[in-house]
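The chain that follows stands alone, in the form predicted alone, written as structure tokens.
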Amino acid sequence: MSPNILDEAIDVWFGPQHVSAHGWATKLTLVGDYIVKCDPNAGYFHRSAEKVLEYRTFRQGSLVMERMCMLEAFLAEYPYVAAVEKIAELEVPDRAKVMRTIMMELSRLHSIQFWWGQFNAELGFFTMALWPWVDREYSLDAFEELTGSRHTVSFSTPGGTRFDFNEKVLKQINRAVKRFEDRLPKFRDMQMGSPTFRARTKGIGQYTAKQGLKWGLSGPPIKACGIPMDLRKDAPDSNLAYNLCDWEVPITENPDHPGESDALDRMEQRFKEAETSVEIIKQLLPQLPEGPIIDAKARAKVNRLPAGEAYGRVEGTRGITSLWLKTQDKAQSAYRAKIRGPCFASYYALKDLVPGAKFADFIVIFGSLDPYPGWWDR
């Protein structure tokens, strides 16, 4: 390589106009077909959710949170609800715990299906772009029947849930789960058996577990390195029902490079995540108890909270999603809220992960991490 090779470098903005750039812009420095520098730039969404939460009541706050990532709305709203419940010392009924957990896992399944289709579309694998998007409609039908909305569900509320299951909701949940189970073998064969897909992903965007932890990765990007790190097992929430299930944290082991992960491993990990969600839902549905869906004292307690602070978190589709909440005495809204979305870390990991890769592989690496822009513009 010429000592003056960087004199030939050019800067290319990937986004926000690129069809694979969903509200973000990354500055890439190229020498020929290779990336030598990556400069991620967050800030194109301007949501200001943390500031908005200071002007919303404690029953309204979860509505702001679910809009941070509507693809996993049942999961996104929960950290705020959990923090309020801790400060208010609310008791969540058993029926609400089970319903919350079922809908969180169905939301995880839906979000994976959405990512699956989007990722394949960006790689030009059109068949596998359409099939998961057809199947996610079954989950969306259940969301709509339960809450009246397909994305902004507003389900969990401090002390319980806003809506209750009925026979039609249960039927649609079972329908969505069965549809996925029936289609999974065909999906896996089509996806993982494709020589073209494997050529585009195997050995691409490879990093070690040590690097991933240093960058702050969690969820599928770190479990794809063989690390069984999952809040549902490591720190189970008493207001959810994961303790009623028998399941194992899904991980993926790279046979050639143990403790490492490439884009192909991260696709395999999403298969396992979806299978685990189905397993949890199937175990919880027969255990759904009768009873109330919200603490009878919730409305009075949440109207004004005492001074305090709490930390709510959940194992989201893309990793650990959390919120720190601080309140003043007799407060009707938050004094301060700090959101920790899982995708800020995965987006800025590109600074170290992308250099050395070909320009055509950038979207493969980015897409395999599944970073959602709403989580980094808080």
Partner chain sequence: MVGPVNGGVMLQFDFFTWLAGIPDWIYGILQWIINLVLGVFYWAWGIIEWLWAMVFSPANFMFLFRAVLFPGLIFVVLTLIWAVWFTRKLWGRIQDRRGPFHIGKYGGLQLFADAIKLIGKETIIPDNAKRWMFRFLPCLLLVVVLLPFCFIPWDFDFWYISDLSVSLVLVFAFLTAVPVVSLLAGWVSGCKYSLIGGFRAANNQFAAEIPMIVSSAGPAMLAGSLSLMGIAQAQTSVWFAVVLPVNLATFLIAAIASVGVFPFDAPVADSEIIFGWRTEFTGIYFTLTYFAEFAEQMLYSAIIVALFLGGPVGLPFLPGAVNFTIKFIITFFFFVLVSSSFQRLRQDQIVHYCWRYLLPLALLNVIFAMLAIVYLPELAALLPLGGP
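Residue numbers count along the first chain shown, from 1. For clarity, every value in this text was computed on a predicted model and none was experimentally measured.
Only in words, not in the display: the form predicted in complex with its partner chain, which the text now covers.
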| Can you check whether residue 197 is within 4.5 Å of its partner chain in the predicted complex, heavy atom basis? | yes
| query | At the 4.5 Å heavy atom threshold, is residue 130 in contact with its partner chain in the predicted complex? | reply | yes
| said: Given that its partner chain is not shown alongside this chain, does residue 172 nevertheless sit within 4.5 Å of it in the predicted complex, heavy atom to heavy atom? | reply: no
| said: in the predicted complex, is there a heavy atom of its partner chain that lies within 4.5 Å of any heavy atom of residue 204, even though the partner is absent here? | reply: yes
| task | Please name which of the stretches 29-37, 61-69, 317-325, 342-350 has residues with heavy atoms lying within 4.5 Å of its partner chain in the predicted complex. | result | 29-37
| message | Looking at 123, 305, 229, 294 here, can you tell me which has any non-hydrogen atom within 4.5 angstroms of its partner chain in the predicted complex? | response | 123
| message | I need to confirm a contact call. Of 147, 191, 269, 276, which residue comes within 4.5 Å of its partner chain in the predicted complex, counting heavy atoms only? | response | 191
| query | Taking 11, 134 and 358 as the candidate spot, are all three within 4.5 angstroms of its partner chain in the predicted complex by heavy atoms? | reply | yes
| query | Mind listing which residues of 155-183 have a heavy atom within 4.5 Å of its partner chain in the predicted complex? | reply | 179, 183
